[in-house]
Ligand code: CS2
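The chain below stands alone and is given in structure tokens; this is the form predicted on its own.
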Amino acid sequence: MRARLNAAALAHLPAGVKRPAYDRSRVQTGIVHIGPGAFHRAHQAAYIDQILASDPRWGIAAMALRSRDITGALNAQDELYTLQTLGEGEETRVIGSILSAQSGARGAEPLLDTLTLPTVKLVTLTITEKGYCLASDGALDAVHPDIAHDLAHPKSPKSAIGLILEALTRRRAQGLPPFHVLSCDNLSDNGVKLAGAVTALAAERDRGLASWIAGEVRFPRTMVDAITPATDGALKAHIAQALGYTDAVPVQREVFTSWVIEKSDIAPFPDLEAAGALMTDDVAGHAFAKLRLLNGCHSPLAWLGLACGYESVNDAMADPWLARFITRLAEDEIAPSIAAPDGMDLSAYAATIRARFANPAIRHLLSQIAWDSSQKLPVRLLSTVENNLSAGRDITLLTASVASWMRFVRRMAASGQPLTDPMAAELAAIGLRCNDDPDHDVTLFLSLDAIFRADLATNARFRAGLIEGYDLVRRLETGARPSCPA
């Protein structure tokens, strides 16, 4: 049986395995991270790992609000774990940036003790959207059970919002400067919404405290990106073979990674640009470009790839017809609708997206990407369609993409397979009423006013493009490869 990865094992790792390039005993705790799941360990912690040799002030104290699974496993490994990057330039690397790992399962007090350390300057979060306890309008949900608890028992918070607020309250009382807070979740305007939630909860306790937070604490917006497949037995076995030691919590991700952070007056701040992050005044512009180009190609690739009988993204991109379709969709119809933000070359970004999709080391199932399509369609494609229509630009490939979703719904309904979608019942009913006549079927789908705005549903160019695209995808399902519309 192999020994467990720990600090003593570092000196005995194979030469090909990268390890921390700094003395961990000299590293201070400068960052507290809430939510040490796979994405954080594959993304933010890996960025920090790259800068500690030159600036040891930014070691991470990792916190899980409730679970002890990850924190306990990290404790048993001296907080070390392995990152395997997948694709061209892949490597195996032991990450040492996490110095401690705590769980709130036994209460919030130990977490608060760490958050009030004088060396802590930054708090980061990856807690998923639901962890912010927000209502549908993006404001704090005052009736959320965790928020209601934190209002009644502020010194023993359950939510991340309550924990941050209580820590800031204590730092203020102790005369310590506040830490600043960086949301790293894929939530639009994440910093703005997080700031609003914290100050709203503070206002319920003390309006003076809320004003102090609003004036002194910074909540920069961010955008993060990296495909991080789930850790499984195969990864653990591979890492054990590569290291000669077992690792209970290895992580893997594609080689590509991105971290876009809003510039602010935070000082000191880790030099994340030295590790490849981008500091910008236009995070919203980068998020918009990502939504339109990356997500706007991802969903059509899923629907079209499934129509052609493929299972994964890289399988679909190996089909020359589909690869050409996605290339032309990105370059000819989506990119012209975007004003390139600073630091982004849209053509280069589109090429990066295609390379990521084609990465054979990442197996991303098309069926999973097709989940919740009724919610994704308006923001990923229909807004671009509307923009192109108003500007007089081409929508041929965009409408074929939308039609491929209609055919996806039709196939699922005809085969009796359930849709994973909040509108599953309504979509299945329409799918069953389809008769494969493009004009008839498109009319049925355009009646879905929760998806198609009236002015778009009645637009003659849009409707004609859908009918043509519907017939094209129907032929793809038979194995044909009609002339690509681009």
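Throughout, we count residues from 1 along the sequence that is shown. Note that the rigid core is defined as the largest set of C-alphas that superpose within 1.5 Å between two forms. These figures come from a predicted structure and were not determined experimentally.
FYI, the form predicted in complex with D-mannonic acid isn't displayed, but the following is about it.
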- Although D-mannonic acid is absent from this view, report whether Val255 comes within 4.5 Å of it in the predicted bound form, heavy atoms only. no
- Query: Is there any non-hydrogen atom of Asp225 lying within 4.5 Å of D-mannonic acid in the predicted bound form?
  - Reply: yes
- Can you check whether Asn295 is within 4.5 Å of D-mannonic acid in the predicted bound form, heavy atom basis? yes
- Message: With the partner left out here, check for me: in the predicted bound form, does some heavy atom of Arg380 sit within 4.5 Å of D-mannonic acid?
- Response: yes
- Item | Stretch in contact in the predicted bound form with D-mannonic acid, which is absent here, among 361-369, 208-216, 240-248, 109-117 (heavy atoms within 4.5 Å) | 361-369
- Item | Three-residue site Arg41, Thr85 and Lys236 fully in contact with D-mannonic acid in the predicted bound form at 4.5 Å by heavy atom | no
- Task: Sort through Ser264, Thr352, Asn186, Asn387 and report the residue having a heavy atom within 4.5 Å of D-mannonic acid in the predicted bound form.
- Result: Asn186
- Note on the structure: Exactly one of Lys193, His286, Lys376, His180 comes within 4.5 Å of D-mannonic acid in the predicted bound form through a heavy atom, and that residue is Lys376
- Task: Tell me, please, whether between this form and the one not shown the C-alpha of Trp303 is shifted by 2 Å or more, with the rigid core used for superposition.
- Result: yes
- C-alpha of Asp225 moved at least 2 Å between this form and the one not shown on rigid core: no
- Message: Quick one: with a 3 Å or larger change, is the Ala274 to Tyr349 CA distance smaller or larger in the predicted bound form? Answer closer or farther.
- Response: farther
- Note on the structure: Quick read on Gly276 and Tyr349 CA atoms in the predicted bound form, 3 Å or more from the shown distance, and they're farther
